[in-house]
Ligand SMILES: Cc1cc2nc3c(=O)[nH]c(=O)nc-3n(C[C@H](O)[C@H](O)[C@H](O)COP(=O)(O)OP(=O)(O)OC[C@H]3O[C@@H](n4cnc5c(N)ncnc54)[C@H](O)[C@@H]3O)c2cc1C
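Shown here is one chain on its own, the form predicted on its own, set out as structure tokens.
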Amino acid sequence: MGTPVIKMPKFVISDEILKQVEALAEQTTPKEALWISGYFAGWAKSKLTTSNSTHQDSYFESVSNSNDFEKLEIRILYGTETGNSYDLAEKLTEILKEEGYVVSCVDINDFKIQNLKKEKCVLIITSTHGDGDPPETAKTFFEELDGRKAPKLDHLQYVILGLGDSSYEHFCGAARYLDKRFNALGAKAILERVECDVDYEEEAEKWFEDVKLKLKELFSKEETMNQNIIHSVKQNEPVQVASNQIFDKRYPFEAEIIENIKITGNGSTKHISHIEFSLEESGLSYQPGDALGVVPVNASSNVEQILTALNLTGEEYINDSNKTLRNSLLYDYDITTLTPRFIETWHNLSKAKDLEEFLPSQGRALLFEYASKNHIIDMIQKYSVTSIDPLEFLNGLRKLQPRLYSISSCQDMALDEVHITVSKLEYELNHGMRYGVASSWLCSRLEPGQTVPVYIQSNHHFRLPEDSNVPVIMIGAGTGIAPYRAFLHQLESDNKKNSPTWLFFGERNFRTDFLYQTEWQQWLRTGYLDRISLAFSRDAKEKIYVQHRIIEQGKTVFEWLEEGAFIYVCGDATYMAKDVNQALLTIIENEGKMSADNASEYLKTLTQQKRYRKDVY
């Protein structure tokens, strides 16, 4: 194979020296070539630093202004709620850097929309939150993109990866909106938008490869090499291979349960457990605000119910593997949630005409109304199939996904432990009780000594302020108190009492549901917690929630905001978080003597300044 010809700016190297370099290249191995490039890079640096600065500046200015030395920079933007988009964006960044591209990875919340005018190529990874909404931290970007000041993007090429949950009506709604809006502003999609369901890993890996191939097709290898003429390579430096297993979502750590204690009192209408795991010898680390990913197991009673409805034994082997159908249903698949894919699969198998109106091709509204009132077992019992291939059934299911729980401990104090706070989900549906897959497993079927596959999911958007003097307002209901316990343990570990802290906490009953009561009282006494405002909705005739306590303390809350306070909200996204948001707008409008529009802008500014942080679900 001949030496590749690299097009160089004429002023950089003479034809005679270029011939010598090409001749040398013909005689060297790739490893030798890398060493030589490092040698010349070091030599050039020493020469340039001894030259006068004017010469050095003019040299690099001429290189950067050369038409033959065009710089291609790729911007990766991510919008994330739980950290999945962030993780994928970081991985894509490393992949493209290894390919030689100049890449930067930026949170959409930190990216000014007018800067799109300066970009050539943007790769976007975004999740969808709730009913087709963008992630909380990305809302400003989406709003500005929809506004009158959104720039024309005729020069821009882009590609979008969406993460979502197909059990929701507006699947990947945020990604779809971005694609539509970028297109309307004149940008050109270099690949079709890809939409991933909750089991997104394999599809995301394929997307990475598609992106790599497309970029190579669009931007020549020559241009990429021009960006990377100078490398710094250490002679004979061995490749470092980690000796220890790195545990993550794909390869979780089997953590032993140390404690599993119900912390709601007798007579409570809720079952909430405090669960402690050992991370000893895992190498896992976490910070307050992070989440623990838990890989659940389906209830054996639910699996047997499915097998009975299918008229299968469960001992059938799948695809000549050693795994039986029973074990596949226990450990690998979501056997509860009705998704569009399963409805379509079961319609094809059962030929039930009643299911035709719920097919994705007939529109999504009726489909999701039906799915919200039924589980998989309800459908297969009602529309039975006399004979079924186990693999056909499994192909209609999606993979069983990990659950994320806010960590309620601080590693500086818990050391090799991690704690979570779990509320057991139980409800009545179709004349029978139904239970949350992970929460019922954790709260009711696991005991100390048993192990659970876990990993750490970082949440960079829910950290304590770096400045320990900044006031902190923590708002949460139910298990939304979990990260605040971690916050206070961290402040106690760091012996930081100078940060004013205020907890707003809501639950049903004071006597049975005041989670971690003795710890909060202790922190009040020792000065790590300055104020606490409680709302127990079922202790009085008129229900009181956290948003009511916030409004009652409106004057002081606004004073704290004016002093630079950070606000944290953790818990239910559907009701609590929206009600708290409205309460804050009311306070800002009343206490700040502002119009509704200005109050909204005030709160938006807090979000942009990362002083209004949410971890809602």
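All values reported here derive from a predicted model rather than from experimental measurement. Numbering starts at 1 and runs along the sequence shown.
Below, we turn to the form predicted together with the ligand, even though it does not appear here.
Chemist: Would residue 324 sit within 4.5 Å of the ligand in the predicted bound form, counting heavy atoms only?
Modeler: Residue-level check for residue 324: no, no contact with the ligand.
Chemist: Applying a 4.5 Å heavy atom distance criterion, does residue 413 contact the ligand in the predicted bound form?
Modeler: No, residue 413 stays farther than 4.5 Å from the ligand in the predicted bound form.
Chemist: Tell me, yes or no, whether residue 352 is in contact with the ligand in the predicted bound form, where a contact means a heavy atom of each within 4.5 Å.
Modeler: Residue 352 lies outside the contact set for the ligand.
Chemist: Heavy atom to heavy atom, is residue 100 within 4.5 Å of the ligand in the predicted bound form?
Modeler: No, no contact at 4.5 Å.
Chemist: Residues 582, 586 and 602 are flagged as a possible site; in the predicted bound form, is every one of them within 4.5 Å of the ligand by some non-hydrogen atom?
Modeler: Result no, not one residue of the spot touches the ligand.
Chemist: Please determine, with the chain shown alone, which of 252 to 260, 274 to 282, 401 to 409, 150 to 158 has non-hydrogen atoms within 4.5 Å of the ligand in the predicted bound form.
Modeler: Residues of 401 to 409 come within 4.5 Å of the partner.
Chemist: Select from the listed residues 89, 397, 438, 215 the one whose heavy atoms reach within 4.5 Å of the ligand in the predicted bound form.
Modeler: Checking each option against the ligand in the predicted bound form, the one that comes within 4.5 Å is 438.
Chemist: Identify, from the list 113, 534, 425, 446, the residue with a heavy atom within 4.5 Å of the ligand in the predicted bound form.
Modeler: Flagged contact: 425.
Chemist: Can you tell me which bits of 527 to 543 touch the ligand in the predicted bound form, meaning any heavy atom within 4.5 Å?
Modeler: Nothing in the stretch sits within 4.5 Å of the partner.
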